[in-house]
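Starting off, we have a lone chain in the form predicted alone, written out as structure tokens.
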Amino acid sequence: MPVASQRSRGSSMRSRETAAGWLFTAPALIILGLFLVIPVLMALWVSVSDWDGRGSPLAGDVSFVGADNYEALLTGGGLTTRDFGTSLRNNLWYVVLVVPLQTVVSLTLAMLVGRRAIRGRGLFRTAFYFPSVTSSVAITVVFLFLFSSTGAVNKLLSFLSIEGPNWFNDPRGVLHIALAGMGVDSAPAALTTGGLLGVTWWEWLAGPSVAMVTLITMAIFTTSGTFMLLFIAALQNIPAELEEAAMVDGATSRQRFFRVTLPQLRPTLFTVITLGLIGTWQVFDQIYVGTDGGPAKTTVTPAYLSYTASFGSQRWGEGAAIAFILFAIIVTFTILQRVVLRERTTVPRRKRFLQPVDERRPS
């Protein structure tokens, strides 16, 4: 068969395959366009417009205001900027405490219930996973009862002669409470004269409020079960020969965990931390049901502030701008953690405790 004829047949076949590929993927692309791309573009337009929620955002009376909504949030200096700064501070403490703790707790639970020597492992796995499939609204209501001023938690503390705080009505930061216990009742001048986004450095360093601590506890309680399942699957995929080889080489249990097990869990760790970061920066339902942003706005988060600015104050442009700033924060943190957890080809000198057999033999 001539070469030109073969090329023509091959080109025709590739064209048919390309057309078939577009035909099969067209429904998914249309759905993504309708329910993802177009809403995102609409929200982007709202964030740079003066739309007040009435009529269509594409109507002729809606004006383009550029970056005014973003400037009001970041550099305006008024109450809008201060509220946004307060929400970022609250959410940052929430992320800093929830993500590491839920990762450690879920990994610990996975290692405990993954042991074959434990009887009734299925029962324990179900019990630990159960909060993850329960409605967050129901769990929030339960926590409201548990941590009320006359609730079970304060009752248990009273048996230890400890006066429990008024959990959901105490706006004090836990670090400020600790400093007050050590006799530091006022802020140094250097921390009160400067600040960021209308919030002084002293307020940034206040720590999560007592009310936010209860929400942090609830988040760890409800999410650890889901991540525990991911770690159990990852642990079961680690070849037993690796740990046996480390035991033969004399590695202790601590060395086996940090230098054999943990490196093998790197992809799962990346997944768990990524999902944790995204979920914690988007926390909303617990705030809406539990505290409504109080006390003294110490549990307001950017997601909740975006909701109240849009649906409560009809400042839809600022609400959409908060959503895009939140998106940028999540992407930035995800890239940073990817850099930190990336696979390295070179081994640090202090970790080169196992050398190849050929290198240990005398020449």
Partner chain sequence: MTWGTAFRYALLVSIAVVYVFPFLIQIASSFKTDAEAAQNPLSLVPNPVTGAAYEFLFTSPQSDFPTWTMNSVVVTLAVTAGRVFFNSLAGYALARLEFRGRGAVFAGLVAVMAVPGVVLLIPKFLVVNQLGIYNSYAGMVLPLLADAAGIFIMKNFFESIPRSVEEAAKIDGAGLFRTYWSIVLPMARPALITLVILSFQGSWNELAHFIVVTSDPDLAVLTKGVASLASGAISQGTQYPLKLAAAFLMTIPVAVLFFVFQRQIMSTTEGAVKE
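Positions refer to the first chain, counted from 1. What you see is a predicted model; the values in this text were computed from it and never measured.
Omitted from view is the form predicted in complex with its partner chain, to which the following refers.
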{"item": "Contact segment among 75-83, 281-289, 198-206, 181-189, judged by heavy atoms lying within 4.5 Å of its partner chain in the predicted complex", "value": "281-289"}
{"item": "Partner contact for G312 in the predicted complex: its partner chain, 4.5 angstroms, heavy atom", "value": "no"}
{"item": "Contact test in the predicted complex: L32 vs its partner chain, heavy atoms, 4.5 Å", "value": "yes"}
{"item": "Partner proximity in the predicted complex: T214 to its partner chain, non-hydrogen atom cutoff 4.5 Å", "value": "no"}
{"item": "Contact label in the predicted complex: R14 to its partner chain, heavy atom within 4.5 Å", "value": "yes"}
{"item": "Of L262, V248, L175, L156, the one that lies within 4.5 Å of its partner chain in the predicted complex (heavy atoms)", "value": "L156"}
{"item": "4.5 Å heavy atom contact with its partner chain in the predicted complex for all of S161, L242 and F270", "value": "no"}
{"item": "Residues within stretch 296-332 having a non-hydrogen atom within 4.5 Å of its partner chain in the predicted complex", "value": "A303, S306, Y307, S310, F311, W316, G319, A320, A323, F324, L326, F327, I330"}
